[in-house]
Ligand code: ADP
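Form predicted on its own, single chain, as structure tokens, below.
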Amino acid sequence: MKRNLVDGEWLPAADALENRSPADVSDLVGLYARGSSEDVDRAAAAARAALPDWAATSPQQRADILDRVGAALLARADEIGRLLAREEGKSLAEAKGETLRAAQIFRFFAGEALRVSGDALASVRPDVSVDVSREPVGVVGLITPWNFPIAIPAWKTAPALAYGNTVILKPAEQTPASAHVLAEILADAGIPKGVFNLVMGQGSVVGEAIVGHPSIDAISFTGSVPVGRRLAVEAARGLKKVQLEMGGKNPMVVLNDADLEIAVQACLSGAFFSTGQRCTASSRLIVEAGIHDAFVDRISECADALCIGNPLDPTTQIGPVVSRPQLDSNLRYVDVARDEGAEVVGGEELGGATEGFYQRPALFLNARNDMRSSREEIFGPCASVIKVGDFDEAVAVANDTEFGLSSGICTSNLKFARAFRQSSEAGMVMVNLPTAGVDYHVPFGGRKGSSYGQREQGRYAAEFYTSVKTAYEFAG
């Protein structure tokens, strides 16, 4: 059984979780410790005890450790990518790409550890100087989802450590293997005991214990909106700093003047790659009337041609859904869309050579923006196609959602592209690109019900993982 890492020691648990591949349920990836609230207590005590020394550590030492982690991820990208594909189900190419992204994130924040800046300001009073500096926020609890099981732990853990915080990581129950490998690499890289702790287990046990623990100063969470909202309320009781990345119902607008092939490929990638299991997925395709029919014909043809199969097969483009409950949820939404009056193309469960959770990508044609299937996040390979009359209607429909993570537009008109960038109520806007797929050195996050708190990634991560101190000195 793979164990939890607490205070520099690999500790067993009373219970174990079976980690099976969604591509082939007979493939046992491994047995992983299912931690308890007592494990969180031990991890929190260790992180609190380690905090003063780690916060005072030379930024060069922190940078060196993070750089070693990045180098190890690069060196083991093939191995880790294969493990990730087995446990999460995304294609081998996507899984390896995600591992490489995790390596890039650690290397980026190795550099950021050396670039923590402040300000020296003149006071309004004579003979007084003012210095503004950044310090670690403290002990940070990181709760990560299953859809990017090594990249998201990386983009939370790397900045937390770079800025001198200590960490407790709880990965999703469905994907403990990738996080466990990351913990092994951190330990091998020389992270001091107690600075990084891994506690695997149920969200209702380990997650809740982290959120409510009095020794934990801040929580960074990526997951569903309902869980995020409950977490925020509980964290507020302890006056914890909170960062939430939650859902999306992201629009991709296709105008009459768009290059049809660029638009179709952007929508195909955004809606269906990673099996649609991305909070940035293009789940609403808002298409202007003049190009609508040609767009529907072409994207239907391309979606039908996608290679769906075992993620370890190098020809596979779309792997399985992550679990039986998630597949069942997706199929219910297919029924909802049909009952609401949409014409459903695809969307059915697929059989295969192995017992897994496969689904054909679904297009909901003749959809309206007021349908449940167009308003609620499905988190699967399903996209509504909504016809609109003109650019203004497209913008109104795109913004008519409780979410605001990512949006996109396909157009060859610079005026429309600029107008959409300005009017889109989303944290990230793409022009002639998929709504999913972002760089690691720039801020990530949304508006409305998609995000709460400071942005993730890039130098903007310092806003969450540090606390600002203003110091005055009289030199008279």
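These figures come from a predicted structure and were not determined experimentally. Start at 1 and count along the sequence shown; that's the residue number.
The form predicted in complex with ligand ADP is left out here; the points below concern that form.
- When contacts are defined as a non-hydrogen atom within 4.5 Å, all of Trp146, Val227 and Arg230 contact ligand ADP in the model of the complex.
- Site annotation in the model of the complex: the residue of Ala258, Val211, Ile105, Val395 reaching within 4.5 Å of ligand ADP with a heavy atom is Val211.
- In summary, among the residues Gly164, Gly356, Pro171, Gly276, the only one with a non-hydrogen atom within 4.5 Å of ligand ADP in the model of the complex is Pro171.
- Checking 328 to 336, 110 to 118, 396 to 404, 138 to 146 against ligand ADP in the model of the complex, the stretch whose residues place heavy atoms within 4.5 Å of it is 138 to 146.
- The shortest heavy atom separation between Gly207 and ligand ADP in the model of the complex is within 4.5 Å.
- Mapping the unseen interface onto this chain, Gln202 counts among the residues with a heavy atom inside 4.5 Å of ligand ADP in the model of the complex.
- Under a 4.5 angstroms non-hydrogen atom cutoff, ligand ADP in the model of the complex has Gly223 among its neighbouring residues.
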